[in-house]
Each structure stands twice: as structure tokens, then as C-alpha cells.
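Only one chain is included here, represented as C-alpha cells and corresponding to the form predicted on its own.
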Amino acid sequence: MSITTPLFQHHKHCDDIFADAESACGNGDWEAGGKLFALLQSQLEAHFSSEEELLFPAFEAATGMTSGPTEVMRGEHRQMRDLLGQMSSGLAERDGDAFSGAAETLLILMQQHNMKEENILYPMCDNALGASDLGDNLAQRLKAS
């Protein structure tokens, strides 16, 4: 297993929750949508923090690259957190347009972000970090969330 396999798997997990939350809210089931959205927020935060606190620092230490791809990913994490905040406001106000508008933007950003990670950054991390217990640590952290 590569170091980043747990992160690939967690992308899919978050995508599935996102689709379910968006569907529930889109159908006016705000209660179920709220529960799914809370789960989405917690899972995305677990994912972002796992990368920011474990993967990115290890990659930066191994490569010396501190203002490269990891900095871009951190910036995108900030943008996604902002969009989650907008979705949360829309949900609290039961404003389907506000919720779905932010959700649509988040979906596009997440898709682009995940493609960059999966096709560029994660392979770089696997190459730079080689044999490491980081993958196991990431897997345990994401399971615990």
C-alpha cells in the first residue's frame, strides 16, 4: 500500500457523503441534510488536518519544498472551508439557493483539488517518503474521525 492510499480512499468517502447531503437538502429534507452535512464537515476537516499536520510537513521535510504544491493545497483547503461555512449558513436559514450555490462551487473546487492531489502531489509524496509508517498513521487518523 502506498502512503497516500488512505487519502485516495477518503476522497471517495467524502464525495459520497457530499452527494447524499446535497441530495437531501435539494429535496427539502433539511433534517437529514443537516446531519449529512455535519458528517461531511467533520470528515473534510479530518482529511484536511491529516494532510496539513502529517503528510505535508513530512513531504516538506523530505524535499525541502515549503512553498510549492503543499502551499497551493493549503490555500485550497482554506477556500473549501469558506465554502463549507457558506453552505452551513444556507442550511441554517433553509435557503436552498444559498446552500446549492455554495455546494456547486465547492464540488468543482473539490474535484479539481482531488485531481491535483491524486495525480501530482500524492505520487510525489509516495516517491519522497518511500517506506514509512505515515500511511498507517493517516489510515488510523481517518478511521478515528
Partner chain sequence: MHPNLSFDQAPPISVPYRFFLTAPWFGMLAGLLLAWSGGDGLGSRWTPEVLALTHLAGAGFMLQAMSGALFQFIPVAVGGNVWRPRLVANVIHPLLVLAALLLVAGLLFSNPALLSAAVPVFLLGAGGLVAAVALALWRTPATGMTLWSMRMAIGGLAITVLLGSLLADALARGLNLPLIDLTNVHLAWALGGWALMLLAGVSYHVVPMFQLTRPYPLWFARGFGPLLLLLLCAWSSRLLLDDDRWTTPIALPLLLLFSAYAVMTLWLQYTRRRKVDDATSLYFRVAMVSLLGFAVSGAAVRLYPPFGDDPRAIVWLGVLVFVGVFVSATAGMMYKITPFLNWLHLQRLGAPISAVPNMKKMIPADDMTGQLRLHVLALLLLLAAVWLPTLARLAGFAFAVSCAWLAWNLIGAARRYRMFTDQIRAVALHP
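Positions refer to the first chain, counted from 1. Remember, predicted model here, so these are calculated numbers, not experimental data.
Below, we turn to the form predicted in complex with the partner chain, even though it does not appear here.
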**OP:** Quick one: from Ala46, Leu109, Leu54, Leu39, grab the residue that has a heavy atom within 4.5 Å of the partner chain in the predicted bound form.
**Re:** Leu109
Original post:
All three of Leu7, Arg74 and Asp136 touching the partner chain in the predicted bound form at 4.5 Å, heavy atom to heavy atom?
Top reply: no
Original post:
For Ser88, is any heavy atom within 4.5 Å of the partner chain in the predicted bound form, or not?
Top reply: no
Original post:
For Gln79, is any heavy atom within 4.5 Å of the partner chain in the predicted bound form, or not?
Top reply: yes
Original post:
Applying a 4.5 Å heavy atom distance criterion, does Ala61 contact the partner chain in the predicted bound form?
Top reply: no
**OP:** Would you check, heavy atoms only and a 4.5 Å threshold, whether Lys35 touches the partner chain in the predicted bound form?
**Re:** no
**OP:** Using the arrangement in the predicted bound form, list in sequence order the residues of 89-107 with any heavy atom within 4.5 angstroms of the partner chain.
**Re:** Asp97, Ala98, Ser100, Gly101, Ala102, Glu104, Thr105, Leu107
